[in-house]
Ligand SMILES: NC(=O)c1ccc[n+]([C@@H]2O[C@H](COP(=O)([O-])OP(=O)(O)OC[C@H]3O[C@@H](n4cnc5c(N)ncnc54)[C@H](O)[C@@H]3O)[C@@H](O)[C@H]2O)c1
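One chain comes next, on its own, written as structure tokens: the form predicted alone.
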Amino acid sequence: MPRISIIGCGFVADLYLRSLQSFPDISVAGVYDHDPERLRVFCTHWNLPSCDTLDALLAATPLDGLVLNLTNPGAHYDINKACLLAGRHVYSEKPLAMELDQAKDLHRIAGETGLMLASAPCSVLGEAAQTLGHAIRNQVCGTPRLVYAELDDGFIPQAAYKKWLSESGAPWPYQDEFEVGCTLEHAGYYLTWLISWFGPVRSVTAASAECLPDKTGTGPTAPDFATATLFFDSGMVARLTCSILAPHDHSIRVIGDKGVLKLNRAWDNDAPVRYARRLTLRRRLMEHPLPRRIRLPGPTHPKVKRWGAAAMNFMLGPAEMLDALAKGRPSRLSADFALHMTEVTLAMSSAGDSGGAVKMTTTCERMEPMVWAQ
């Protein structure tokens, strides 16, 4: 039975445990958190074995197992590095690290030790993303020419976020969310999709800003708005926007020669993909008002019910890595992929108002589609 270990018992950990119920063949070897009470509450709620120290957790993790790093972003680099140096494969919550040099250091260690290193999000492996990718590869909309992607979450600073609790009672980490910023937290949800379809990003022309200052009452926080034009090696161009102020919009549109592919819910693995062909009616150019739904022919992956803002199976990524380990194949979520996504995300978040194109220094291969989406 493949086994995972978990570091960090905060808000997101409950989302992983809900998703884990859809993979009965995966078991938990141990759980660790630096807060003993938080650790006790989480392990009691989910009936999991706890470890008193990080070293104890790493010792409990089998060499063919996987460590899930679900700590706060500021701890990601140190925890990821400790796990890799202990000879353990790692799946990290986003971002891989808060600085590009740190992410490159993790990538180097993974390469030198032959260990798997991957980063969330894993919704790119979900049915919605794979269906849209299948439609793109089969040129349902003709040759793709442009992509518009939105990750706007509404005016979050006015939401009742201090009352948001996970299933085991962990509070939403609003301090971290505001200080890390919505771009580092959320841009990956569409960046992974875009990179998997169109390959590596050649350059990023971005701008970011803190439009609502002092959200935590402790001074400046990270940008709450960012927008970027992404230029891919393949020639594709995409615009990606993130904010926690603009009205909620999680849509993505792939504009092709024949029409438009669209999906409205990035955080829903079962979100419908629709195609509207382009037509001329009474000399007016338009997309068909009754778009047709694009479906894959067979079963895909275990779904989880909606909880909070998302209906995503957070265990798709770890399950993919464990399957790759068991079969001796490369994981679709490679260290190259994680590093490249991290560099693009950091370029967006840190852009400020200076503008100008930033050339990427990392690269990766396009992601192999899931077997059921080929």
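Since the structure is predicted, the reported quantities are computational estimates derived from the model, not experimental observations. In case it trips you up, residue 1 is the first one in the sequence shown, and so on.
One more form of this protein should be noted, the form predicted together with this ligand, which is absent from this view; the next part is about it.
Interface residue among Thr241, Ser168, Asn72, Thr221, judged by heavy atoms within 4.5 Å of this ligand in the predicted bound form: Asn72. Screening Arg40, Arg329, Arg306, His34 for any heavy atom within 4.5 Å of this ligand in the predicted bound form leaves a single hit, His34.
Comment: 185 to 193 is the region of 212 to 220, 149 to 157, 276 to 284, 185 to 193 lying near this ligand in the predicted bound form, near meaning a non-hydrogen atom within 4.5 Å. Using a 4.5 Å heavy atom cutoff, Phe11, His76 and Ile79 all lie near this ligand in the predicted bound form. This ligand in the predicted bound form comes within 4.5 Å of no heavy atom belonging to Glu127. Proximity of Lys94 to this ligand in the predicted bound form: non-hydrogen atoms within 4.5 Å are present. At the 4.5 Å threshold, heavy atoms of Phe337 stay clear of this ligand in the predicted bound form, well away from it. Interface residue remark: Gly259 is not counted as part of the site for this ligand in the predicted bound form, having no heavy atom within 4.5 Å.
Residues of 150 to 187 placing a heavy atom within 4.5 Å of this ligand in the predicted bound form, in sequence order: Pro171, Trp172, Pro173, Glu177, Glu185.
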